[in-house]
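One chain comes next, on its own, written out as C-alpha cells in the form predicted on its own.
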Amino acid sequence: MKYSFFKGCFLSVRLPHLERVSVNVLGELGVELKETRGFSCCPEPVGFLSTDKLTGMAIAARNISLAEEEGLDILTLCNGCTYSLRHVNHALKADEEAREKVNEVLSETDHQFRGTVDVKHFASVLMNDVGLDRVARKIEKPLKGLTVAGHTGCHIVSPPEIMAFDDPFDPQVLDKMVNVLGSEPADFDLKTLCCGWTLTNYGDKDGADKLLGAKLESMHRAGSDCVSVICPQCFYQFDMGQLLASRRLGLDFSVPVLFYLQLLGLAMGYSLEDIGLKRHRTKSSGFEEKILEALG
C-alpha cells in the first residue's frame, strides 16, 4: 500500500511529533508514504475556499495533479486537508466546465488535473485498505481499563456523499478503532459537537471556550480518561485550547488528548516517550498511571 503523503501546513510546523509517530505506526502496518515534492497548502477550507473559489480549487487541483503524475492516491493526516482535496477532486471529476476553467489556470504551472486518483484520510485507510483485523494483529499491549472519548471532528463527515467516511449524526468509526486497542469507547451526549477550532481562529474565542468546555464536561461525566482525535487542529484545540479554556472557565478536571495513531502506537508497544507525550500541554496523572499499568 503506497500513497502520496500530503502532510498539510499545520502538522509539520506545530505538531512534528505527531507526524513522526504517524509515519512510524503506519509504516509498521505496511503503509508506504512517498514524499511528493511541491505540495502546498490544501488550501484551508474555511478561510480560502469559501472566499475565492476558483483560486482555491486551482490550488487543490494542482496538489492532486502532483499525485496523479506519480500514479498514487493521496493519504492525509488532517480532516481539513481531506475535506478540501476530496471536495475539489469530486467537483472537478463531475463538472467538465469547472475542470476546464481550473486547468486553464493550471496550464501556467505545467500541471493538469485529470481526475485519476483518490484522496484518503489515514483513518479511512486503516478501516478500508489495511483493515481492522490486520491492525488487531499488531496489538501487543491492549490498552485495557482505558475509557476513550472519540472526537471524529466536523470536516471528515460532511457531506457524507463526498467524504464517504461516517454517519455525521451518529459517528461510529472512531469507536470501532478504539475498540481494537482493547479500550472502551466513552458514550457521551455531545459526541457530534465541534471542538471550536474555527470559532477560535475566525470568530469568538469566548464562544469557542464555552463550546469546548461543554464538550469536555460531557466527556468527563462519561468517565473518559482521555480524548482521541484524528485531526491535528482538533488535537491542538483539545490540548492547548483546553489548557486556556480551563483557566477561563475554572474547570476542575482535565481530559488529555491523543492523536489516534499515538494510542495505536502505545498498543503496538511504543513508550510514552516514543509517542511524544511530554510535548502535550494538558496533563493527567491518572491517565498516565492507567497507561503505564496497561503497558506493564
Partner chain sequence: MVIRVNYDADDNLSVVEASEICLKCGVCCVVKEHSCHAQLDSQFSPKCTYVYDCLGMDLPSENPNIWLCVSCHKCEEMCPYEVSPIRFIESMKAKAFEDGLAHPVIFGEVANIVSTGFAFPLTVSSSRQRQQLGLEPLNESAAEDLMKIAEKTGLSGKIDKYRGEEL
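Residue numbers count along the first chain shown, from 1. All values reported here derive from a predicted model rather than from experimental measurement.
The following text describes the form predicted in complex with its partner chain, which does not appear among the structures shown.
Taken together, 25, 32 and 281 are entirely out of contact with its partner chain in the predicted complex: none brings a heavy atom within 4.5 Å. Mapping the unseen interface onto this chain, residue 59 counts among the residues with a heavy atom inside 4.5 Å of its partner chain in the predicted complex.
By the criterion of a heavy atom within 4.5 Å, residue 271 is excluded from the residues contacting its partner chain in the predicted complex. Looking at residue 204, you'd find a heavy atom of it within 4.5 angstroms of its partner chain in the predicted complex. In the predicted complex, its partner chain lies farther than 4.5 Å from every heavy atom of residue 138. Between the options 193, 164, 132, 222, the residue in contact with its partner chain in the predicted complex by a heavy atom within 4.5 angstroms is 193. Looking at 255-263, 241-249, 223-231, 44-52, the stretch with residues near its partner chain in the predicted complex, meaning non-hydrogen atoms within 4.5 angstroms, turns out to be 44-52. Contacts of stretch 11-27 with its partner chain in the predicted complex, defined by any heavy atom lying within 4.5 Å, are made by 12, 13, 14, 16, 17, 19, 20, listed in sequence order.
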